[in-house]
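In the block that follows, a single chain appears as structure tokens, in the form predicted alone.
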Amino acid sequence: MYSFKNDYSEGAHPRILQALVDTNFEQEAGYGKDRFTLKAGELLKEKMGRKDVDVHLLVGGTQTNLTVISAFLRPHEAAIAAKSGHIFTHETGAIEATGHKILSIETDDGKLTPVLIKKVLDEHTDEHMVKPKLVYISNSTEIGSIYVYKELKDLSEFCRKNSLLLFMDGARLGSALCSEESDLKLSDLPELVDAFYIGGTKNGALFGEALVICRELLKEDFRYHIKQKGALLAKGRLLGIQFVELFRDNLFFDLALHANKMAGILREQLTKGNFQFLTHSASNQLFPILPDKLIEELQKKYDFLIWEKMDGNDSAIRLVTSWATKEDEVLAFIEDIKKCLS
């Protein structure tokens, strides 16, 4: 069985594993005070061209989301998210468990817009309801769409005008930034959002997300929040080493480009086969609609998610490519589709 189920099935890029082995017996300070974590922070600031941001390394996406949102919001304040957003659908109520409601919005493409957010603001007018305060977005989104510069700029301006915080989940930020349809750069993000994170778990690291806090008023005491949420890793060096390897050159972006290239091959060949897609995706997640009988045959050799039943005969599946996806396996998948159809 070859898996197209997610982009974290493999372990880590060999360079990262080698760096962990090479530094294994070096003694370092704990809790993110080690030289590797400090170096990773400096490298990221250089890549963004910003010295005035704070960088914190955490283990995973859900952990980062709940730590950030609970730290940034007062008890009566709520987060706004797309109904497909990760914090609303796939985090087991983690945000609600911190005491904050999520106000969800139905979207066609997984992305939020000023018009959609304004409807929520108009519905929450006084102290008898929660107060919308933070806008949560993902780039790429849970259904593979990405934000381009103008879309994010419009969101940013709207949020600032309405005293809302804008937080970007970047679990798949590498794929989004490296998409052929993207005109966003990493250096644009500190100008446009109040905080975001750079996902390592889904782009070549064993684990790890690099949180970047851009707004001054959100920085104070954040390490206290990390510790209180059980997210301050004693052996923080394990995170630091990985992000040094990812960002001391272009490895992070090279790995994302590979994932996108593999997805591009699948997208092109499925389009040539006249298959429709559930949603337009410009990243490393694809949602083709296939006949159920074809899906049953493919499941004998490949692992993937059945995303949505379309009718009695067809379903949308999710195919995800990664930094380690083998081109031979992608081509074999396409060939098996052709064989099944013939």
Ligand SMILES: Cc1ncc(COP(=O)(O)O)c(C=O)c1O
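Numbering starts at 1 and follows the sequence shown. Remember, predicted model here, so these are calculated numbers, not experimental data.
Not on display, but discussed next: the form predicted in complex with the ligand.
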Location of the ligand contact in the predicted bound form, chosen stretch of 269-277, 289-297, 25-33, 58-66 [non-hydrogen atom, 4.5 Å]: 58-66
Using heavy atoms only and a 4.5 Å cut-off, determine which of 147, 243, 196, 136 is in contact with the ligand in the predicted bound form. 136
Proximity of residue 237 to the ligand in the predicted bound form, heavy atoms at 4.5 Å: no
So in the predicted bound form, is the ligand close enough to residue 111 to count as touching (4.5 Å, heavy atoms)? no
Heavy atom to heavy atom, is residue 259 within 4.5 Å of the ligand in the predicted bound form? no
Are any of the heavy atoms in residue 255 no more than 4.5 Å from a heavy atom of the ligand in the predicted bound form? no
Three-residue site 45, 191 and 216 fully in contact with the ligand in the predicted bound form at 4.5 Å by heavy atom: no
For the stretch 88-119, return the residues whose heavy atoms include at least one within 4.5 Å of the ligand in the predicted bound form, in the order they occur. 91
